[in-house]
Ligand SMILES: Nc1ncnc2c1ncn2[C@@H]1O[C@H](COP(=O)(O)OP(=O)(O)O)[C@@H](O)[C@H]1O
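Below you will find one chain, with nothing else, as structure tokens; this is the form predicted on its own, and questions on how it binds or moves follow later.
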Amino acid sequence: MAKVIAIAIPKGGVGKTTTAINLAASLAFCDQRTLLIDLDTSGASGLGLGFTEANTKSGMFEVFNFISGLNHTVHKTEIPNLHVVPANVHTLLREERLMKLADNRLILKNALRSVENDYDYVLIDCPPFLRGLTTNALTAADSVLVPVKSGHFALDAVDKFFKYIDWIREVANKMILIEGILLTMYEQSTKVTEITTRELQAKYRKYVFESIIPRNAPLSEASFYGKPALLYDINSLGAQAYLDLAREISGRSSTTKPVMPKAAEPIALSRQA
């Protein structure tokens, strides 16, 4: 049965989608059957893997509207073990419709039943806000990965998000765990980085991943080509950092549990769509 990890924080510009794309690709590269679900209406995860309106036949919009089952919205990518479900939200009307439907926080959890035995990992790229789609993801997830870029506002977002996780446990998913806090866009020898790292270690030490994602040009450049960094420049610091993170997560899954605080054509997994 797949382990479902939501990638979320109520803050934009922290490397959330970059993490979703590159962690999913890295897990697949490490022989883990991986599905990436793009639950952000911007559709950035799908775009980052080469899926545009022209080559996307269905996605999360159809799933939430009960037009298609999740297993019939899966798209293959260049990496054999990596599949993706794009958002497929290309108009304001579609976005408004999806946001309204997301008030039913059980839609994604129920939809995942059709694919839960076909993957080792399901990653969910969430929008940079709480409620709605993010609540759907957290209701369905086994754990949540929290990307954090150095800075005061990001630290405030972590505090806010952990309070929200407490609420999710009370009303929707009492079993959700913290997979870990991931430092992204990391720049050594800066005052902001030093302060952020110190504050995270002081308040959330047991949640912080050993792996750190550096600020690295190939991570940004790869998205312009619709590829994860390991297909663009596998020797880059960014690609290697996400491979390290994938190994840390998969190694942890086989030994210990996370902790709880106080491109191609669409396919059906059983047959060609």
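Position 1 is the first residue in the sequence shown; the rest follow in order. In this text the structure is predicted, and so the values were computed from the model without any measurement.
The protein also exists as the form predicted together with the ligand; that form is not presented, and the subsequent description refers to it.
Interface residue among L49, L219, L35, L27, judged by heavy atoms within 4.5 Å of the ligand in the predicted complex: L219. Checking V158, L98, V115, M185 for any heavy atom within 4.5 Å of the ligand in the predicted complex turns up a single hit: M185. The shortest heavy atom separation between R215 and the ligand in the predicted complex is within 4.5 Å. Among heavy atoms of G12, some come within 4.5 Å of the ligand in the predicted complex. Remark: of stretches 207 to 215, 226 to 234, 58 to 66, 27 to 35, the one touching the ligand in the predicted complex is 207 to 215 (heavy atom within 4.5 Å).
Residues G15, K16, T17, T18 are the ones in 15 to 50 with at least one heavy atom within 4.5 Å of the ligand in the predicted complex, listed in sequence order.
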